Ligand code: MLT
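Only one chain is included here, represented as structure tokens and corresponding to the form predicted alone.
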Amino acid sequence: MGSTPAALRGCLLVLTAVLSLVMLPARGQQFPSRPITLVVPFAAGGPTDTLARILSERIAADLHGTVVVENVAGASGSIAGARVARATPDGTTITIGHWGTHVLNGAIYKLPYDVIADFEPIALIASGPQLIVGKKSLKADSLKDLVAWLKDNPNKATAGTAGAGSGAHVAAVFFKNKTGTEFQLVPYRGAGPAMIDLVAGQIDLIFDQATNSIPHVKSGAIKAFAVTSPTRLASAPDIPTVDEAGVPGLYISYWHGIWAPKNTPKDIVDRLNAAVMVALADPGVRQRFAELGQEISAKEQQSPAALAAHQKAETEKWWPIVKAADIKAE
């Protein structure tokens, strides 16, 4: 009888171990147990917001849950970045971001978080070049005409940006350097509000994501001068490349990804990645992305590891360029 308690304890230990193994996948199977918040680091109506809303519905369907898109604008996306970096790492708070928020911001701002170390990559989504666009009444109809007009009218033109240090800001500085032109930069709380003012004729230019600009170009509300890539867009084949239009080599690609806070469990990251991949394979999503000038990443490039590698490579490329240009948040 003296050995019975010890035997019982042994049986309980074995039973506990077996139950642990049986229940191990439960968290992944039950995820999400509550709504997921997809934080967009810019104002509603902008290009990143548009992509987020296209994806969120399909992701929610695959997860059999709810995905709420929340816009947290300000400081070129770094306010949203700080919020997500501090969020509970349980997969219910994630963020969509891009070349600006998860590369440029690290070189431009003194951030309370690390753009690489404080996030878990989920998926590389898509990439798209910028368009150089102007208000409809601008006295230039080609990029060469625009450069000539800017040189004849130094510091008289205004170019909207999605905030100091944003991708639009960096692109404008590169453009100035390459063309020897000078114009004023007007920061907004996102590309959406900047586009509203461009359509209204309140500003002259935007170096803008194709996602945001193409619908307005096609409607005739604004004019496009060039696309910042070596090839034309399939969704807007009439717009010349920067090489063709007279400013060769001004290549800028806005790629988007999705991240979770650091230390989010791998099984949850994998489940989120699977849902994003299902969304990106959906014909309807692919068509809408194509219409917006977005090239969806190849399937093998949609993994968390691929996003991590791409972000690291982009950081190594752009940080020295940004610092050499002394681009700082205002």
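Start at 1 and count along the sequence shown; that's the residue number. It should be emphasised that the depicted structure is a prediction, and the values quoted were computed from it without experimental measurement.
What comes next is about the form predicted together with the named molecule, which does not appear here.
Asks: Which one, 44 to 52, 301 to 309, 272 to 280, 258 to 266, holds residues whose non-hydrogen atoms are within 4.5 Å of the named molecule in the model of the complex?
Replies: Heavy atoms within 4.5 Å of the named molecule in the model of the complex occur in 44 to 52.
Asks: Can you pick out, from A191, L124, I132, I94, the residue that has a heavy atom within 4.5 Å of the named molecule in the model of the complex?
Replies: Partner contact (heavy atom, 4.5 Å) among the options: A191.
Asks: Taking 4.5 angstroms as the cut-off for heavy atoms, does H102 touch the named molecule in the model of the complex?
Replies: Looking in the model of the complex, residue contacts with the named molecule do not include H102, since no heavy atom lies within 4.5 Å.
Asks: Is G81 part of the interface with the named molecule in the model of the complex - any heavy atom within 4.5 Å?
Replies: Residue-level check for G81: no, no contact with the named molecule.
Asks: Quick one: does T228 come within 4.5 Å of the named molecule in the model of the complex, counting heavy atoms only?
Replies: Close contact is absent here: in the model of the complex, T228 is far from the named molecule, nothing within 4.5 Å, heavy atoms only.
Asks: Y254: heavy atom within 4.5 Å of the named molecule in the model of the complex?
Replies: Yes, contact at 4.5 Å.
Asks: Using a 4.5 Å cut-off on heavy atoms, what residues in 158 to 191 are near the named molecule in the model of the complex?
Replies: Stretch hits, in order: A162, S166, G167, G190, A191.
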